[in-house]
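The chain below stands alone and is given as structure tokens, in the form predicted on its own.
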Amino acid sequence: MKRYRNGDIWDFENEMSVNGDGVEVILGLDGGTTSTVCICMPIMPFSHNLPDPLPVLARAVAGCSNHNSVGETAARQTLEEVMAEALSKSGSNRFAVKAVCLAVSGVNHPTDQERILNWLRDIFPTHVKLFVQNDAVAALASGTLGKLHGCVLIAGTGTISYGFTEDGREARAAGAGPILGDLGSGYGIAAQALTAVVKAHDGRGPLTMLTSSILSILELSSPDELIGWTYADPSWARIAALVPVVVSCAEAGDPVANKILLVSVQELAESVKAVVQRLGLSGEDGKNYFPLVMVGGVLEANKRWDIGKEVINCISKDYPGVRPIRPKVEPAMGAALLAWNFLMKEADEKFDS
């Protein structure tokens, strides 16, 4: 077994047995633009009925692991550190790991998967089963308890729609980042709000409550200062943190903020409808049931201006069979359940043969 880099990350293993006599575990990782979460779950008895509540030995949290945002070196270090922390907290080590499902944003092509798999092979013993997916897949699994069927809509700092059919076909829409049109994301909403403030200040756009609200929360005295604030650190998460201000202004009746949110609703709904249409999830007549797992801060139903509710209303006009699901477990647990289901499928195939 090699050590990829920063071997001291795994120094805790020197203080414990590495002979594999401990409890076998699964690691499930959800790596996004804002944070990365790793769940360490014990291997459950080989039964298709999951226990409630699901067992968790340890949970670890770190920062961004999207290589498009922070670079490949920093992303890999974050992923390695969060896995090591989860194992250390659980009293386990890499030899106790049965499977790893790493679901991270920025995995958009088979070459991305293979690159990460090669890196994981340098970290874990050869017996460990390794699975790499986009973070949207783990989010879907968090709502369906590991079953890959239906569609998921993530709208947090970034956004993506991802769908699976029961026979294994998959499709995605959006998720290409703010430069390529993800206006429904938290970053997209906030960036539109900042642009509206600048336009209003220039006289190129209507006056808006967003100006005073955003300047107040950022402790700035003039829209001119927004330029320096924005480009001092244009990280996606920092910009997206302004979404609650946009929602508050829309709730207070500001037409500019309201229009921004309506645009985001349309964008999010269209991304889901594109996936549903390509996969035929709603059947030939468009009325069949299909689950839609909804994940991310933009979709949280805790405001009078409920973006998630409006998205569902928009989708259901074309696809009345849509059934929204708010997951009861986090995406990292969805990733762990994916790894578990992969192991179950492998066990069933061996039994059948």
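In this text the structure is predicted, and so the values were computed from the model without any measurement. Numbering starts at 1 and runs along the sequence shown.
Quick note: we don't show the form predicted together with another copy of the chain, though the next part is all about it.
- This chain is drawn without another copy of the chain; in the predicted bound form, the residue among Ala176, Leu117, Leu262, Leu220 with a heavy atom within 4.5 Å of it is Ala176.
- Residue-level contacts in the predicted bound form: of Val132, Ala191, Leu215, Leu145, one residue has a heavy atom within 4.5 Å of another copy of the chain, and it is Ala191.
- Taking the partner from the other structure, another copy of the chain in the predicted bound form has a heavy atom within 4.5 Å of a heavy atom of Val198.
- In the predicted bound form, another copy of the chain lies farther than 4.5 Å from every heavy atom of Thr73.
- Although the partner is absent here, Thr165 lies well away from another copy of the chain in the predicted bound form, with no heavy atom inside 4.5 Å.
- None of the heavy atoms of His149 is located within 4.5 Å of another copy of the chain in the predicted bound form.
- Proximity to another copy of the chain in the predicted bound form, taken as heavy atoms within 4.5 Å, picks out 235-243 from the listed stretches 80-88, 254-262, 235-243, 94-102.
- Contact annotation for 264-289: residues with any non-hydrogen atom within 4.5 angstroms of another copy of the chain in the predicted bound form are Glu267, Glu270, Ser271, Ala274, Arg278, listed in sequence order.
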